[in-house]
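Given as structure tokens, the chain that follows is alone and in the form predicted on its own.
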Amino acid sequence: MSIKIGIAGYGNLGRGVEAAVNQAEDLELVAVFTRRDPASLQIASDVPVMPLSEVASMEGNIDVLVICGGSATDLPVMTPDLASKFNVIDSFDTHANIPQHFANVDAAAGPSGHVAIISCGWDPGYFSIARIYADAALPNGQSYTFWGRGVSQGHSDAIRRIEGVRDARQYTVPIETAVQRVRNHENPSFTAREMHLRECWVVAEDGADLGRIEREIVEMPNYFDEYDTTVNFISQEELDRDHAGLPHGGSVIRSGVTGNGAYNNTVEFRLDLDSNPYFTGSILAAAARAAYRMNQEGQSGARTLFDVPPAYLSAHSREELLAHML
């Protein structure tokens, strides 16, 4: 029996989830929901496209709803609301606000008997798991996370929400000298500004106040205010020509000592992604499988990938995992 999946939101991330679901033998896409006119949406699958306002009509027909919205304004509202009706997955990635988001979602999912796994991207998400495993093995050490160079979907979305912005791409760029100091076992203490740069390419509406837009970007809390940020205004044609792709990646590095300080050790987990949304979509699809299994066991409430047994993410049987993965 296939696990029935719904997708709420059909931008880049929604398309990534769709592709991952369609490649999985145990997952079945049954509906896509959108705030746009459904008739205007061309999707790759032969399933209904429905208004998001009608999502409640599919209760009982969807095992897990994957919510593909932005963290700035969509997911804080959508995930708690939809978790009262479905098992849900999201990729909420505003790190500073995760505890409050978790609490809000738990208050909706728990009483309704649903499982809601939040922050299921690659960071937060897979990188979070890498950090906790490395910390457990090397308690006497320090962890560092470097992102990029790549396009951040969440940061790009946050810029596009600014009045007067038509389109935007934001690149997160690691400072290479900082990366090398970590690999050299220096265990430095960095500020956020010393680890990454943020590079923004913005298409403004005709007549928009460019100075105001730039100020709103560089002063935006949780996104840009702690980093050296450059804002470049370009045409839509330039953006489409030079910044159409959505690559990303990065590294989690933990440097620590063992043997009472006698031995240096480095653990590094690295991602190099041609497409950020398609890889993130694959993680969301795997998390949907886990949410269904956990709910079938009688679990409910908010969860993160910390709470998910690795085997629950996999389509392989326990016998296959023991034979080939262990």
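Because the structure is predicted, anything quoted here is derived from the model rather than measured. Counting begins at 1, following the sequence as shown.
Same protein, other form: the form predicted together with a further copy of the same chain, not shown, and the subject of what follows.
Using a 4.5 angstroms heavy atom cutoff to a further copy of the same chain in the predicted bound form, none of 33, 227 and 290 count as contacting.
For the chain shown alone, residue 152 is not a contact residue for a further copy of the same chain in the predicted bound form, no non-hydrogen atom being within 4.5 angstroms.
Heavy atoms of residue 28 never reach within 4.5 Å of a further copy of the same chain in the predicted bound form, leaving it off the interface. Although the partner is absent here, residue 210 sits far enough away that none of its heavy atoms falls within 4.5 Å of a further copy of the same chain in the predicted bound form. With a 4.5 Å cutoff on heavy atoms, residue 215 does not count as touching a further copy of the same chain in the predicted bound form; it lies far away.
Of the stretches 34 to 42, 259 to 267, 64 to 72, 50 to 58, only 259 to 267 has residues with a heavy atom within 4.5 Å of a further copy of the same chain in the predicted bound form.
The contact with a further copy of the same chain in the predicted bound form, taken as any heavy atom within 4.5 Å, belongs to 135 out of 167, 135, 194, 81. In the predicted bound form, a further copy of the same chain lies within 4.5 angstroms of at least one heavy atom of each of the following residues of 268 to 294: 268, 269, 270, 271, 272, 273, 274, 275, 278, 279, 282, 283, 286, in sequence order.
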